[in-house]
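Okay, so here's just one chain, in structure tokens, the form predicted on its own.
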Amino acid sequence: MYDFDWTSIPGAIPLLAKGMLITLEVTITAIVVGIVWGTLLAIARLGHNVVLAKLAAGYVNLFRSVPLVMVILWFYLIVPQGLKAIFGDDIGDIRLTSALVAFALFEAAYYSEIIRAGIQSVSKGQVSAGLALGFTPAQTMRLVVLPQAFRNMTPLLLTQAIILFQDTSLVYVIGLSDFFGTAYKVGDRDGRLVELLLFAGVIYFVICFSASLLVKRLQARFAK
């Protein structure tokens, strides 16, 4: 029977905390950039410019049709070349930058579909009312439609954020030491891989389950 030994975990807390900071940095950056870029994509898809609508649709379909781990590796190979062309060879460790770009652009495709559905959930009467008040179409979208749409889709946006938080563990493929990667390395170093991975799983469960409860409370609140 396996002899569990948890004594290496307290000493690993500082390293795990640094790994969690990287996990949160990737998650928060992907959420913020993904929502902003996803909103523009959604508006483009719903707009009257056929070229922009097709380009946005192509972008969304491309990123939603390939595995995330493949996108991470693509940008890990592409981003360094772009940075070298701009800054020369002195670009340091680009693994984090590559991960931030990959996750932000990948998540934008998923957020775009959520936001597009949120915009379509707002009745056309609201648009007509905004235009009747003298707003331009852009002002109507920004001041009337988007606030209501974001309120309707907040639970879905948070659910996608939870999935994103879990997916950030995939950065291990480019050697980035996020929370999961740090737990794996420390466990492998100390010969306590099982204990460290179980501990990491508990932390992921606590964070994601707490966030899921928050989503349920918001859904119940918005349903009233």
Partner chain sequence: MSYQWNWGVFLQPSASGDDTYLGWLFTGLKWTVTLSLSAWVIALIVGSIFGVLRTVPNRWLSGFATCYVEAFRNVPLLVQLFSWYFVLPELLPAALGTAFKQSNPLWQQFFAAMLCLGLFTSARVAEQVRSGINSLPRGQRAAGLAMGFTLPQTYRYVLLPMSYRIILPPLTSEFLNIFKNSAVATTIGLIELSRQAQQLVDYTAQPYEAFIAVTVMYLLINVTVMFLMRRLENKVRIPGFIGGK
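Positions refer to the first chain, counted from 1. The structure displayed is predicted, hence computed values, not measured ones.
There is another form of this protein, the form predicted in complex with its partner chain, and it is not shown here; the text below is about that form.
Figure note: of the listed segments 142-150, 97-105, 123-131, 74-82, the one touching its partner chain in the predicted bound form, with heavy atoms no more than 4.5 Å away, is 74-82. Contact annotation: of the candidates L40, L52, V32, L198, the single residue with a non-hydrogen atom within 4.5 angstroms of its partner chain in the predicted bound form is L198. A heavy atom within 4.5 Å of its partner chain in the predicted bound form is found for exactly one of V36, V173, L158, L46: V173. Although the partner is absent here, L21 sits far enough away that none of its heavy atoms falls within 4.5 Å of its partner chain in the predicted bound form. Although the partner is absent here, Y59 lies well away from its partner chain in the predicted bound form, with no heavy atom inside 4.5 Å. In the predicted bound form, its partner chain lies within 4.5 Å of some heavy atom of V66. Using a 4.5 Å cutoff between non-hydrogen atoms, I28 does not count as a contact of its partner chain in the predicted bound form. For the partner-free chain shown, F180, Y184, L193, V194, L197, L198, G201, Y204, F205, C208, F209, S212 of 180-214 come within 4.5 angstroms of its partner chain in the predicted bound form, judged by any non-hydrogen atom.
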